[in-house]
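Single chain ahead, written as structure tokens, the form predicted on its own.
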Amino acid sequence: MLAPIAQNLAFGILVGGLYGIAAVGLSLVFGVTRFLNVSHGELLMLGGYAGFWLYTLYHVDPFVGLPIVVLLMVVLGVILYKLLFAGMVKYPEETKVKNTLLVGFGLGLVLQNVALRLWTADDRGITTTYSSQVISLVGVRFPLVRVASFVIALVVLFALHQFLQRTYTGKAIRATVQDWEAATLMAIDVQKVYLLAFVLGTALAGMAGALVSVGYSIQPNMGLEWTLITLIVMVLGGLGSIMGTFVAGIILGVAQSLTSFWLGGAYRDIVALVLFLLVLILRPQGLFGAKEG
């Protein structure tokens, strides 16, 4: 009995790492800009297709091709910000949330339909020569590609944390989160900070999508599911907590995996909604977020 539980626990941790790194991008954007970009899942989907086509057409290993995917998503992030979001920087917070929610919803529909026309609705995924390889440890099997994805997610998370804590730009981002008007008085270019946060969030979404394309299937309509997952993880972790958001992703992954094992796959998504509601009721600031006041 213990062996299946340990196997599902390991699987949940590895899946949760993908949840976490995807949600960190959304949390960073919302925490800095108060832009609620509900097309985050569609950006993740595009990153998945970018990794898939790089491998299929040019035989670029999915992990080697990650920097290319990130670069493409950075360019896309700049374009989307300039065209759709830049004009909302100085709106009141409630107006920002409402307007960006509507813009993000429309953008998500556009990206989904463009992907559907370009690549059809077929499920696609990357199968490499090492996709079936596993690492066995005390009787628990760890798929190699999922372990590699988890390690990459940890490295990126650590690099992002160090960037936010130790660099001048990172401190400017944190100052803007606390009070953008005061940051402006201190000669911080809020427009550039917002652009950087949005681009980082887009790049993280694309990177997560590329990692998803290795171990799982991708399709044009996957965006809504991943947007909901990242929103739930963001609320669980708490706004402003990058590390907390990643840990919350692991918690959700483990909860879903163990629920599928004990109760069946039909209850897998229900546990996410239950956790979401419990946190909203019992700890609105999230498991790792700071309480206001």
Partner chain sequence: MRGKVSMVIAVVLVLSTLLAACGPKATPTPVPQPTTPPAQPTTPPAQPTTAPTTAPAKPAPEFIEIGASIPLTGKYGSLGSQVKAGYDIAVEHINAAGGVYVKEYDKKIPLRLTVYDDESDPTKAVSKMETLFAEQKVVAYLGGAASDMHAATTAIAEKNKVPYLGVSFALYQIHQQGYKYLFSPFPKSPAQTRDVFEVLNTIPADQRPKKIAIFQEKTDWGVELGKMWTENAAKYGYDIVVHEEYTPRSTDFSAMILKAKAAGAEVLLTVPAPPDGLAMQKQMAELGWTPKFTLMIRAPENVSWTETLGKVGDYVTMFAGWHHGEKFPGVDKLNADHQAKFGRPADLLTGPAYACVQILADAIERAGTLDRDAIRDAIAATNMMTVIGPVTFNPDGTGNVLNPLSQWINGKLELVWPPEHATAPLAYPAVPFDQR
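Numbering follows the first chain given and starts at 1. What you see is a predicted model, and the numbers here were worked out from it, not measured in a lab.
Absent from the display: the form predicted together with the partner chain. The rest refers to it.
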Open item on the list: At 4.5 Å between heavy atoms, only one of the stretches 195-203, 216-224, 68-76, 149-157 reaches the partner chain in the predicted complex; which one is it?
Closed with: 216-224
Task: Contact flag, residue 261 vs the partner chain in the predicted complex, heavy atom cut 4.5 Å - done: yes
Task: 4.5 Å heavy atom contact, residue 162 to the partner chain in the predicted complex - done: no
- [ ] Answer with yes or no whether residue 116 is in contact with the partner chain in the predicted complex, where contact means some heavy atom within 4.5 Å.
- [x] yes
Open item on the list: Against the partner chain in the predicted complex, would residue 266 count as a contact residue? Criterion: heavy atoms within 4.5 Å.
Closed with: yes
